[in-house]
Structures are given as structure tokens and as C-alpha cells.
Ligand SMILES: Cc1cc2nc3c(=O)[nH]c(=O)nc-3n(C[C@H](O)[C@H](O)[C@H](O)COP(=O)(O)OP(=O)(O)OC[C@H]3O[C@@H](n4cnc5c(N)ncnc54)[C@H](O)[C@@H]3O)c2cc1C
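There is one chain below, alone, in C-alpha cells, taken in the form predicted on its own.
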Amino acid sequence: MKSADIAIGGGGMIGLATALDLAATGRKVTVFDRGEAMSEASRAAAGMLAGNDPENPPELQPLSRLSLALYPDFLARVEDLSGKKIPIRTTSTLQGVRYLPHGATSLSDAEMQSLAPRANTSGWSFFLIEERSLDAWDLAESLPAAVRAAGIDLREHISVLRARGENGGVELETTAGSFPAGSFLNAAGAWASAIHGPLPVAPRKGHMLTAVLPGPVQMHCVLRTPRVYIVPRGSGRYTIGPTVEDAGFDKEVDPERIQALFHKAIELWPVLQNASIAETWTGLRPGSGDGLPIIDETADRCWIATGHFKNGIMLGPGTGRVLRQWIDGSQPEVDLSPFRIARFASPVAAS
């Protein structure tokens, strides 16, 4: 007798967004998380819905467009279920690049200074992107409450150890005992390999900080280059990141890396010389070998969704939608072939 129609390993953005989409079809869904839901990479994120970041791989564009189109309804549903507001913090991004992409128009110095007073534009060409951001901490507080309000069984501090097909369904082995389900989704992020065996996904450690800036000179849009981003949070608070490090599962905050990151931000926006560091943290983002997510069916009634790297918050609603469609047996509305795990078996992908 199955205990759920579908079980999900991983209570981060990808797991919970998918759980909501599946539950909306009447399925009985159970989510397991090794710690607290939304406590790892999802909470550590900057919250930029950066579908048009020029650093994104081009293969990501269709899934990004779908996810961004779903975002307003997704946020409205989370707010309605949880009773908690998730305000949009910014609606535009000043993107700095060495070379302007096709079709982009460089901002004049006057335009830059009106949006980011005293920004240091030396060496960069900036163009304006319509792009929203939210505070990942707001989402981390709201989404687990919304999931529970939707009737999803969220079981924290329980790890899924392995999954095997059995009797037309799936039998999970967890740290709390066995659990039968109709299907299983591995959405365990950087820890996905612990369930499915070796996967081309590894934790990418990222240092982040919050700076508090007093005074009248403030900024109300994201300021971003390939070296650093500065994301306004309101009330003079700014999230600054990131570092990208191969440090295994180490989550210790390195004061020297924090200071180096803060110095990069000050170099880009010298106004931050008057700011103080209020918070520091790290996150372990799941990075694949080629920077693209892994979204695939790994065995009968078993799926995997990991490797979303720096875009897990942005890609959550879209990933949940295509997974629900696939699990339903219908055609996903986005071509998922770039995200299949078999791509790593080819000599080109592995090089």
C-alpha cells in the first residue's frame, strides 16, 4: 500500500515548487528534507530572477522564459496559501559586460548616474534589463508554510538514502524507515548523488554578505557584472555576492573571502565605503559539469532534478511545471533534451 502518490527527496526551491504543482492535480505528495526545508542553497540565494543574465547558457532560455511567465501566479499562490507576503524588491538590473550583446544599447554616463549614483563604470559597458528580484529569505519563510497548507506532507530532518522500483511503484529507504510511493523525485540539490549514486553534480560554495548603507545616496536596481552583484533589499540593505568555490561540503565562512567580496562591491559602487557588513553566510549550490540543470527520468517511476546552480530560485516554477507534465505522461512544454543526464556520456560533454 503506497503512502504517497509521489515522494520527493529535497525540500528546497525545486522540490517544493514541484510538490505544489503536483498537489494541484490532486496527488498525495510527501517531501523529505535532510534538514529544514529551504535552509540550504535556496535560502542562501540572492533572489535575482535573472533569466536574461548574459552569463546564462543559451540552452537555458526556453526553461527560463517558462519559469518567469509562471512566476506571478506562483507567488500569488504561495502568498495565498501561507498568508505571508513576498514583495518584489527590484524591477530592473544594470548589467555590466566587457562587450555588449547583440541588440543591447549601452547606457550613457548620465543614465548610469541617475540609476546608480557614483557607480564606477571603468572597463564596463552597462545596459538595462527588465528583471525582478525578491528576497530569498521571504520565500524561505513562505514556501514551506504554503506547501503544508496545500496538504503536502513535509517531513524535515529525514534523509532519503536510496530508492528502488518495487511492485509497480517505488520503495524508499529513509533515515526514519521504509516508505512506499507511486513515484519518486530526487531534488536533493548538492546532495543528490547520495541518493542516486555518482552524478556529475558537485557543491559550489558561495560566500554572500549583507551590507547596510546609511545616508541619502541609495540605489533601487540591481548592479551586476561577472565579478560581483549588488542587490538592494530596501531600508539601506544590500545583498552582495558571490564567490564560486570548489570546497566540497564545507560551509564555514572565511573572513578573508568576505572582505575580498566586499572590496569588489566597493570598487564597483564606491558609495559602499560608507557601509558596514551586517550579515555573512555561505551556500552550497548544485553545479553540474556544464552549468545546466539535470532533469531526467533515471528509472521506471524515478526522476531527478538538480544542478540548477545559481538559478534555482528563478527556475523553480518552470522546473516544477515540466516535471509535473512529464510525470503525468504528457509532453513537457519545454524541450528537456539539453538537460538529460546522458549528455555527460559523450566525449564532447565530458571534455
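Everything quoted here is computed from the prediction, not taken from an experiment. Numbering starts at 1 and runs along the sequence shown.
Keep in mind that the form predicted together with this ligand is not shown, yet the notes after this line are about it.
Pick from 85-93, 143-151, 182-190, 164-172: which stretch has non-hydrogen atoms within 4.5 Å of this ligand in the predicted complex?
It is 182-190 that comes within 4.5 Å of the partner.
I need to confirm a contact call. Of Leu68, Cys302, Leu284, Leu292, which residue comes within 4.5 Å of this ligand in the predicted complex, counting heavy atoms only?
Of Leu68, Cys302, Leu284, Leu292, the residue with a heavy atom within 4.5 Å of this ligand in the predicted complex is Leu284.
From the list Leu63, Met48, Leu323, Val29, which entry has a heavy atom within 4.5 Å of this ligand in the predicted complex?
Only one option qualifies, and that one is Met48.
Would Glu55 count as touching this ligand in the predicted complex under a 4.5 Å heavy atom rule?
Looking in the predicted complex, residue contacts with this ligand do not include Glu55, since no heavy atom lies within 4.5 Å.
With heavy atoms only and a cut-off of 4.5 Å, decide whether Pro317 touches this ligand in the predicted complex.
Residue-level check for Pro317: no, no contact with this ligand.
Is Tyr229 part of the interface with this ligand in the predicted complex - any heavy atom within 4.5 Å?
Within the cut-off, so yes.
Find out whether any non-hydrogen atom of Glu297 is located within 4.5 angstroms of this ligand in the predicted complex, and reply yes or no.
Looking in the predicted complex, residue contacts with this ligand do not include Glu297, since no heavy atom lies within 4.5 Å.
Pull the contact list for 200-236: residues with a heavy atom within 4.5 Å of this ligand in the predicted complex, in sequence order.
Heavy-atom contacts to this ligand in the predicted complex: Gly206, Met208, Tyr229.
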